[in-house]
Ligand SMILES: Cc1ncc(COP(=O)(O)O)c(C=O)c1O
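What follows is a single chain, given as structure tokens, in the form predicted on its own.
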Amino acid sequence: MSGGAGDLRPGTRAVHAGLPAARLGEPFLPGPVLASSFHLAGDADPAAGYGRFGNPTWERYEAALGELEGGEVVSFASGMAAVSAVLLALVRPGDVLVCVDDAYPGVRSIAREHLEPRGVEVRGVPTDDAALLAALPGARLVWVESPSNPELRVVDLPALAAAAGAAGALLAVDGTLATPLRQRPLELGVALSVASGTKALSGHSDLLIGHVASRDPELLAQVRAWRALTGGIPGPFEAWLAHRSLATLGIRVERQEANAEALAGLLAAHPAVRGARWPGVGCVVAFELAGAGPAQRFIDACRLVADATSFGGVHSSAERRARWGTDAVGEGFVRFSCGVEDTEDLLADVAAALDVIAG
């Protein structure tokens, strides 16, 4: 990539991030390196000799994400593998973990079912600035999502990062929903930026991948060592697909956010809908219908919307989130992920489905 990344807009950085210097006859993005071991002559060097310690394909993907995040990146086989590396490698018995109550269910499971029984004090708090600040004294690690999933709550990350630093705590932020195109936590003072690349970063609902970014070499060394020890590495083909997908991140996010903004406006004006919310970034809109039945009938009536549990893909999807029993939401709560369909088509489809339940 020619020139400094700082002189380019985020969408342009995403197109060019991590690509090698141009060479005659070579592809823009080299293909995946499929290897479990490599030629290793001389002294033992696991980083150069065995696939659990390094692979050129996911190292190139990490370099690309590093340009977007503004720090160094360690990639993982999934978002939960990245989460596990932070929580299990950096928190020890006797430490205090502050974790928001509406964090991804897997985060809460690690905190309550694995860390707490091993002597970690877990302080569950709402995704709320005042509650988080009050829970900081003595904390080792603070875990937040902003915007949160599925309720789309946001916190003041610069203020929280400053307060956490003053209290001697590390702040980890799951920014999956915003992506580093819309939010760069490390630039706001956050110690660790964590994301599931399965969602909007890759954007095609065809792979699992995750990452941890930081500007602290010591923290990253611990996270990287955990990955090597537990084997939570990304597959080279998945890493290659994810890197390839970064080139369209900017245009995908623009269309998805345009759809989300328009959809939020439609929902806010519809008499069958309560509590429509969109945080101003990302593809997810949340709203309430009159109960489980109306919510499911609405999703079933949509022609363009898949009933699926993830978000961030190019195809619009929605789900009645209470069906899992893992989130404190009403039975009629719908999490809607806007895809890249033409806005007029998507709105017409949703309006027609709302008419079905209203009739």
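Residues carry their position along the shown sequence, with the first being 1. None of the values given here were measured: they were computed from a predicted structure.
FYI, the form predicted in complex with this ligand isn't displayed, but the following is about it.
A residue is said to contact a partner when one of its heavy atoms sits within 4.5 Å of a partner heavy atom; Pro234 fails this definition for this ligand in the model of the complex, lying far away.
Remark: Gln183 does not count among the residues lining this ligand in the model of the complex, judged by a heavy atom distance of 4.5 Å or less. At a distance threshold of 4.5 angstroms between non-hydrogen atoms, Asn259 is out of contact with this ligand in the model of the complex.
Although the partner is absent here, Thr179 sits far enough away that none of its heavy atoms falls within 4.5 Å of this ligand in the model of the complex. Interface residue among Thr127, Asn149, Ser245, Ser205 relative to this ligand in the model of the complex, by the heavy atom within 4.5 Å criterion: Asn149.
The three marked residues, Tyr61, Glu72 and Ser193, fail to reach this ligand in the model of the complex, with no heavy atom of any inside 4.5 Å. Heavy atoms within 4.5 Å of this ligand in the model of the complex are found in exactly one of 213-221, 134-142, 151-159, 193-201, that being 193-201. In sequence order, Ser78, Gly79, Met80 are the residues of 70-92 having a heavy atom within 4.5 Å of this ligand in the model of the complex; the partner itself is omitted from this view.
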